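Here you'll find one protein chain in two forms, each presented separately as structure tokens under the names structure 1 and structure 2.
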Structure 1
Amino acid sequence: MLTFQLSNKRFKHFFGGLSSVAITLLGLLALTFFIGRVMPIDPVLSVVGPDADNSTYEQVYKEMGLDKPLYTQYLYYLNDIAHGDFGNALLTGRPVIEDIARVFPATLELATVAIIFGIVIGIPLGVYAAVNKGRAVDHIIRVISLFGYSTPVFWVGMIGLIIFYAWLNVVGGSGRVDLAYDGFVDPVTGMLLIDSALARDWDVFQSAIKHIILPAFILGLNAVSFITRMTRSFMLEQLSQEYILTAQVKGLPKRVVIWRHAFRNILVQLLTIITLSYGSLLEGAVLIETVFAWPGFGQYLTSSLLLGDMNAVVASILLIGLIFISLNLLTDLLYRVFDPRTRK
């Protein structure tokens, strides 16, 4: 529907952007290919096992195309990926792509709850800081958000576990749900909160909430900081404009001026910021999932790394790169669609 509204010029511009994305994508593939190549793990050995004799080894070596020149191998690699073939994972013996599809919803669930924390806490803090610019509150909020930037998430996760799980016992410990409830609900979406709600299994739902709240909150801390800082600076920009002065002179209540005038004008910018920080939660997820034994994508990546499972690592990294590129493209598009000033 949207494309119909796009004028010819913007249409071209958008596809110009797409072609540059395609080049970035090819580079991304080259990078992951290169990483897979220089890994100090013999890909043949991982297939045939350490006891195989030389002739088997040679045969598999040739079957995998390793005797061909590098660029041919790269083309093979591109071909495989175009067909959705990322090879099998060492640990599970199943296609990597199936593994990732299985673990990804857990991460998506965690990141979604985390970004909700980020929005609900970050935006009011940022607006409040901007309105009280230069006062003590502003400085306190600035220091709080700098803390969010400066703390290692995995450490906060552990301290959170020590305090809220070991000492106070108000949250669930590791994993997505108490062990007693494990496997109670059949995965439909793969997101436990939704699945258990669909199955009307409120015990599991409650347990899942107790388990997700702490890791999601801690994962969201970084997003809180980022959203707070950006909201503050966007708001400051708006509040210094003349239309705000006009609104004030008209005698409108402060609340109306702030929320209905200034805040509405930063919504588009905020939307793009939120999309970007949603993507960067993936980075924190790698660490937080390790701390909380959260069976998601991040944990899959790190455990494959430690095992030296090349196929799984390359596919995971590629996926993260893809998510990042698409989120960037999405924010670009959001801007063009929603912000009339970028239309020419």
Structure 2
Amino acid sequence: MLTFQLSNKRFKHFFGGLSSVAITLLGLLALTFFIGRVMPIDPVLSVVGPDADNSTYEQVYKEMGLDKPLYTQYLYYLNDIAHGDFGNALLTGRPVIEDIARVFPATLELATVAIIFGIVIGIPLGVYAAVNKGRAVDHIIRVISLFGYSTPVFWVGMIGLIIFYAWLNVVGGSGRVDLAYDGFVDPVTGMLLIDSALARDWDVFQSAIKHIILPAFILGLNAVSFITRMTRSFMLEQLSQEYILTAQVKGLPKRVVIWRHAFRNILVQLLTIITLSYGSLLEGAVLIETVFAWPGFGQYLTSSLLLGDMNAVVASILLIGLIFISLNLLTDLLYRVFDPRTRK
């Protein structure tokens, strides 16, 4: 009987999660549709150009279905989305889904390296600040964290290019790789570091490392600051618990008390912070991609907005929403893996 109740409870939780995702997706689809309709851009003019005559304008207007009621347009829109048809991009003339598949891996690679910086730097800084609460090193880390969180990334990016590329020449400049190596590696995953490693072309790999290190680090500054502050906050809460005092009274080494006892109990909370930070990096790389001429998703979205290409804009907004939904689902799954209490 107890087993049946537990199974029924898990089924309800799973069904409730799916229902929530379905409702969110429908809301996101409705949002993207109405954004495309309320934007002060004439989609017909974007196709035919400002010099087209009235007959051409009317013909394209009807071909795009804009003469039909709004609810009918929305049903057509849902049908197109279900078939993976987002229309063609004005910028390239190719299907939007193909353009996004081409540019998104570059942003994924950039954001992944950035979140690695955030984890590797932010977590130790947060732990160290918590352990040394109120001391000079704690205040220094908090000031650095505030600086990384509040400084505009485009300004840091330009200063970084001037210092580390123009003056010191220790990193690559704009783009993903030196022009001499552009096109040397066939795209497999679209992520140049992985593709060059798979091809064993270490010259391209080294060039890709030099080009990604600075934009990824600057993009990751926000994640470093956020993870540092939250890690410090979580650790301070754990270090004030009675079980920590008990461990210290037993004579356990300080390193064991901090990392094996206190830090282990904040892992689940950190998962949420890291996941949210990763999602923010994926959709917030627009400025960095612009400064470093990084041919990624953010630059594609910006160019589409400036051109008034609503097919590309709506598809990009939908992708951003799907990223956050997927990351939230992943967080929920990881919660269940690392925290047994959520499986009851």
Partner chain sequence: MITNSTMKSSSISKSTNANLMMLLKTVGHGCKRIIRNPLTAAGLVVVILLLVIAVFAPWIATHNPLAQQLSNSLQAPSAEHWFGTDEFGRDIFSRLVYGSRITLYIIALVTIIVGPIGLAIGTISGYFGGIIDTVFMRITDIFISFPGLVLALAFVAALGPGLEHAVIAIALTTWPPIARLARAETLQLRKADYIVAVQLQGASATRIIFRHIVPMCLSSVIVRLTMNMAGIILTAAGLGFLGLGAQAPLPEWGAMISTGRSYMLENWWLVAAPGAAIMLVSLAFNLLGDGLRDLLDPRN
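The term rigid core refers to the maximal set of C-alpha atoms that superpose within 1.5 Å between the two forms. Keep in mind that this is a model prediction, so the values were computed, not measured. Residue numbering: sequential along structure 1, first residue numbered 1.
A.B. asks: Only one of these is the form predicted on its own, so let me know which.
C.D. replies: Answer 2, the form predicted on its own.
A.B. asks: Quick check: Tyr57 between structure 1 and structure 2 - does its CA shift reach 2 Å or more after fitting the rigid core?
C.D. replies: The answer is yes; the displacement is at least 2 Å.
A.B. asks: Cα of Leu333: shift between structure 1 and structure 2 in Å, core-fitted?
C.D. replies: Comparing between structure 1 and structure 2 after core fitting, Leu333 shifts 3.2 Å at its C-alpha.
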